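Next up: just one chain, as structure tokens, the form predicted on its own.
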């Protein structure tokens, strides 16, 4: 049974049937999925959720699918790491890492949104899926699409990290490397989507695709013992993840799964591409597009589709935003790895580095239960650390050579 009532324009409120459309034909506002929350409240309990397999489909009543998912790859229910070592380092009481570096199958939170998007594409009868991507979405559509039997067209900026390009090619999609930045790639994809009957997960399937991000928020609340955190720090590219985590928290309260929700949401961006945070700091709703210049390429969207709505989440939740330099990103990646054993890609470095600033400024209190959303694995962006880590100790295969190095190591530590 589906609890989806239809689609609704986020601007003018006009309602639409469930179809592969994403823009209101009257005001050109974006469309969003609307649910029967009264029905969900009767059907979905903590006990029902807990009895189900540990993947995102345990919250299926709150996701836009008909009945059981029709694609083969499950994902979600990633660890919520209690980061005590990192908390002590930062001088705060209660810190958690929502660790999507281990998401199945491609090691980023994009597996969540793609699982939902492709299930919906199957329902609509598409045989070809496509996307515009800065890397992680390319991997996910390539992998999920291969398993589900779709033809796949993946559009990326040609300047993407080589490791991310190879990670997509392993699944043998049709990979189109475009000479331009993400915003230019996305514009091209909009033209292609208008001509070919393909399921572009982040264009004509976008209202359904975006709902997959909510599963991260549901899991955070369940893994905290059915409680909402005091603060959550979310990396922002298009801004969609932040808006959907906020939506998921409110839904959990609306359907009676939690009693109260007083979470403050914080936006994290790289200084070299921070249109959302710039608007937040300026106290305005207008998103001024920028040309990205940052090592955090998975966040390098200069004209974010959900930027305005992200600023509204900040206002509604009484949160804020921070941006960080490439140097701060690298240091944060290393800090998270050496304190908690979590190797994050550059977007994760953005999250932690921004959180450090928010803690120092007092916007996140030392007693707050704080969650950092870490959205992708560091193996995807190893290039960012080249020349920024310590060197190995090279020795001859002799005990005396090792002991000579050991003495130097102990001398340095003492």
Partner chain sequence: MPVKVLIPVPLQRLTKGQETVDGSAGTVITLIKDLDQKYSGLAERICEGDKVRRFVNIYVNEEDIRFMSNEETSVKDGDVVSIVPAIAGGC
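If you're wondering where the values come from, they're calculated on a predicted model, not measured in any experiment. Residue numbers count along the first chain shown, from 1.
One more form of this protein exists, namely the form predicted in complex with the partner chain; it is left out here, but the text below deals with it.
Using a 4.5 Å cutoff between non-hydrogen atoms, residue 301 counts as a contact of the partner chain in the model of the complex. Although the partner is absent here, residue 101 lies well away from the partner chain in the model of the complex, with no heavy atom inside 4.5 Å. Interface residue remark: residue 191 is counted as part of the site for the partner chain in the model of the complex, having a heavy atom within 4.5 Å.
The partner chain in the model of the complex comes within 4.5 Å of no heavy atom belonging to residue 139. Residues placing heavy atoms within 4.5 Å of the partner chain in the model of the complex fall in a single listed stretch, namely 182-190, out of 121-129, 182-190, 328-336, 246-254. Checked against the partner chain in the model of the complex, the candidates 168, 263, 240, 75 yield a single residue with a heavy atom inside 4.5 Å, and that residue is 240. 25 is the sole member of 25, 15, 403, 19 with a non-hydrogen atom lying within 4.5 angstroms of the partner chain in the model of the complex. For the three marked residues, 202, 290 and 306, a heavy atom of each sits within 4.5 Å of the partner chain in the model of the complex.
Contact annotation for 76-103: no residue has a non-hydrogen atom within 4.5 angstroms of the partner chain in the model of the complex.
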